[in-house]
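The form predicted on its own is given below as one chain in structure tokens.
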């Protein structure tokens, strides 16, 4: 079968490497892919938001199955367009993708159906938002309503930071239309957990839990990023907590989406906070997380393509989804200065074999040489019997691959290790 994966980052590289293991797939395309992905799939220069180009390519090349991985094309309705042309697709409809595309939608959904989440106020007017943050409890969390590359959330530690965040989003248009409306949310405390899940709109199969590291600098300091590294499984996510989340959050969310007339199929990401009073939803994503995918899929022992087809066919209940009992760690190598200004175009050099996987996010081939072309450039993922060994292997691997202005956090997995003591 000929399969195309829409997207061009580290997440897509992890998906492609996992799909390559399937004996059913004879040809893999990446739209647009990147210079690093080109080793594992044929890259086609069609942007992830070019829906006409994506559909036309699928038809002209007799694509048998499509995987739409990033949030933007999902929110724009890429899966709807492909299915209308008879192409089976992994990913939610445009209506279902609202669960990530609009934080106002998801917050209203949770409140309506009693799904535990932080208390919040939605604002469509900057003056009213500024008035609210002038007296609301501090710290507080301010979120742009729409998509913002994982950077549309500000944890305001002071009143001044809260005011600045509102102005930046609603008046200075930092995120364009995505910041036209905002949510001001109570600040929750507790360990964060990411749980990706396969769902066909009826059955929910959670994947291995993981722990992301969003802040740019060590000790969770610096600006929010798209993610500087991950470990899996998350030690805070016990079997008892998993059972509770299934009953209180996962199944109620799928049920709520069905009742709202927008059933969700694909990968639904639950961003959770394990608060002193129980688990609460911080956010939903309508797709595989990045870089969570880079530690979750290496632990998947089942055939990913078989599972994706079961999701599309509505037969997930009858599909075995098995994960390894091992541990994984991914360390992201980024360009110095990310998530703000940074330089690109440096050659990526690997010295020696790496006992793990390298997933490329921001890379391109220039004059036959692989060079950096983004903020987050690559992720190094290693698997081992223990978390400590996985972390050690990943950091050893970062010494074998890099580029001139490479930067990475030195404490990926440190919080998880403390939880295991």
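Numbering follows the first chain given and starts at 1. Just so you know, these numbers come straight off a predicted model, no measurement behind them.
Note that the form predicted together with a small molecule isn't included here; everything after this is about it.
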Quiz prompt | Triplet 231, 327 and 409 all within 4.5 Å of the small molecule in the model of the complex via a heavy atom | solution = no
Quiz item: Ok, 80, 283, 260, 72: which has a heavy atom sitting within 4.5 Å of the small molecule in the model of the complex?
Solution: 283
Exercise. Consider the chain as shown here, without its partner, and state which of 311, 118, 204, 76 has a heavy atom within 4.5 Å of the small molecule in the model of the complex.
Key: 118
Quiz item: Closest heavy atom of residue 323 to the small molecule in the model of the complex, within 4.5 Å or not?
Solution: no
Quiz item: Any chance residue 163 has a heavy atom within 4.5 Å of the small molecule in the model of the complex?
Solution: no
Practice problem: Look up in the model of the complex whether residue 214 has a non-hydrogen atom within 4.5 angstroms of the small molecule, and give yes or no. | Solution: yes
Quiz item: Are any of the heavy atoms in residue 186 no more than 4.5 Å from a heavy atom of the small molecule in the model of the complex?
Solution: yes
Exercise. Choose from 252-260, 151-159, 329-337, 313-321 the stretch whose residues reach within 4.5 Å of the small molecule in the model of the complex, heavy atoms counted.
Key: 151-159
